[in-house]
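What follows is a single chain, given as structure tokens, in the form predicted on its own.
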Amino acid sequence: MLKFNYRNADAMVVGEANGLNIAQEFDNYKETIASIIADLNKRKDKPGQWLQWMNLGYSEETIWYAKEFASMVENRFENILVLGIGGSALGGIAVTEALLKPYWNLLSAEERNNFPRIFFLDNIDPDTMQGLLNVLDLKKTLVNVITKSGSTAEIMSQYMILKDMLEKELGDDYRKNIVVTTDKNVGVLKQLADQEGYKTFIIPDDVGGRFSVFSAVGLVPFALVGIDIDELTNGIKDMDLALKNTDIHENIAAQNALIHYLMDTQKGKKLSVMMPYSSRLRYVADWYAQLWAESLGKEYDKNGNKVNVGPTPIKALGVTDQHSQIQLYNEGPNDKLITFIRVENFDTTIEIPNIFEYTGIGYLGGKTINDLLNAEADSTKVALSDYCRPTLTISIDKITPYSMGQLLYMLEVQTAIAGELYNIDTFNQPGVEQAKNYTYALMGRSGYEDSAQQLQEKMASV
């Protein structure tokens, strides 16, 4: 299981002004937390609650279909190209970057055990998009189009471009190079998939994009590149069992949620820094940033009160950002709660040769890069506590499909609990929808004519 250490967020370490009496707060909130956990698990099967993501680890049918499809297309494609944005891409990027061999797309087919390379086209920058399309052999590329609504402008524009290119390259056979992941009943993409005869996977009802990584959104591309999705979901199921415990003293997601909530509301720590000490986990911080920001950044609470709540997530990477951000964290505003992710056992150990024994760098000889990384992490944590800056540490034994399932699912549950503490709707995103509607208006989508006129007037006045 994951390990969670909150000692350096306690007032005994960082002082009363910046730390919490955590043991006392656990006692103060034990009934509230127990009620929240019980309520989330009671509501997860009810339609309209947007909690079906809590059941994804048990979706044997999706797991079986994903593995079957991967087997059917085995050795047929050199590349997987995922068209997705936000929740349709960030989880996939985080997991593949963590679990595939480093620099996967640069390895030979033999080094990849004949599994395909994988690319995520998660933005519509024209230079980047054209650059990628220039280097991919589309005849040997499987395009996975992911959008639940089926109308996301960015993804559907990419799809239109890729469909046109594939059809010109392959004729009627182009359909074999497209697989769709979308809603089971509604949306333009669902209609097109049915008309064109694409292989289709379903995003379940009541699963929002930022909570969809363990649905077909993630499982299909993971299976295609050889990630063990059975082990991944075993990690989810074991973590889910642990997080059903209503005792805050035994539930690390509840502990982490409460500490973040109290640090924000009582101690002014409105910035939540996620800092993995592993390059393979760097994109977990990107995924977490969306999860935290879209879920907790809300203007109104459930009672209709205007609250404008939500800690701002910041991504960092140890040790890289010790040389770019730690100066600010130590001596700048004391408004941050920093979460380290530590890996106890890396797959590789690299020794530093003892070749400059009588110089100023001789002390490094005979050590390992692993020793240095751990020393950097430990020293940074202690230095931050010297400056009375609170930190938390999540530790995993090794980076495996099992541990990744545990880590991401724990952070999802933590987010849901935090949303209940803030008394906000964790699963809507009205601030995003407004910008989407403006985009539809500017691009001339039918039904948005009035909005387009109003928007043009607003743009002219600023």
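All values reported here derive from a predicted model rather than from experimental measurement. In this text, residue numbers run from 1 along the sequence as written.
What comes next is about the form predicted in complex with 5-phosphoarabinonic acid, which does not appear here.
Item checked: One stretch from 246-254, 222-230, 149-157, 349-357 that, in the model of the complex, holds residues within 4.5 Å of 5-phosphoarabinonic acid by heavy atom -> Stretch 149-157 is the one.
Checklist line | Among the candidates 326, 85, 317, 99, the residue which, in the model of the complex, approaches 5-phosphoarabinonic acid to within 4.5 Å (heavy atoms) | finding: None of the other options qualify; the answer is 85.
Item checked: Listed residue that, although 5-phosphoarabinonic acid is not shown, lies within 4.5 Å of it in the model of the complex (heavy atoms), from 116, 390, 209, 276 -> Among 116, 390, 209, 276, a heavy atom within 4.5 Å of 5-phosphoarabinonic acid in the model of the complex occurs only for 209.
Check: Looking at the partner-bound form in the model of the complex, is residue 290 within 4.5 Å of 5-phosphoarabinonic acid by any heavy atom?
Finding: Residue 290: contacts 5-phosphoarabinonic acid in the model of the complex.
Check: According to a 4.5 angstroms non-hydrogen atom cut-off, is residue 44 in contact with 5-phosphoarabinonic acid in the model of the complex?
Finding: Result no; residue 44 lies far from 5-phosphoarabinonic acid in the model of the complex.
Note to self: So in the model of the complex, is 5-phosphoarabinonic acid close enough to residue 30 to count as touching (4.5 Å, heavy atoms)?
What the structure shows: Although 5-phosphoarabinonic acid is absent here, residue 30 would stay clear of it in the model of the complex, with no heavy atoms inside 4.5 Å.
Margin query: Please determine whether residue 415 contacts 5-phosphoarabinonic acid in the model of the complex, using a 4.5 Å cut-off between heavy atoms.
Written below: No, residue 415 stays farther than 4.5 Å from 5-phosphoarabinonic acid in the model of the complex.
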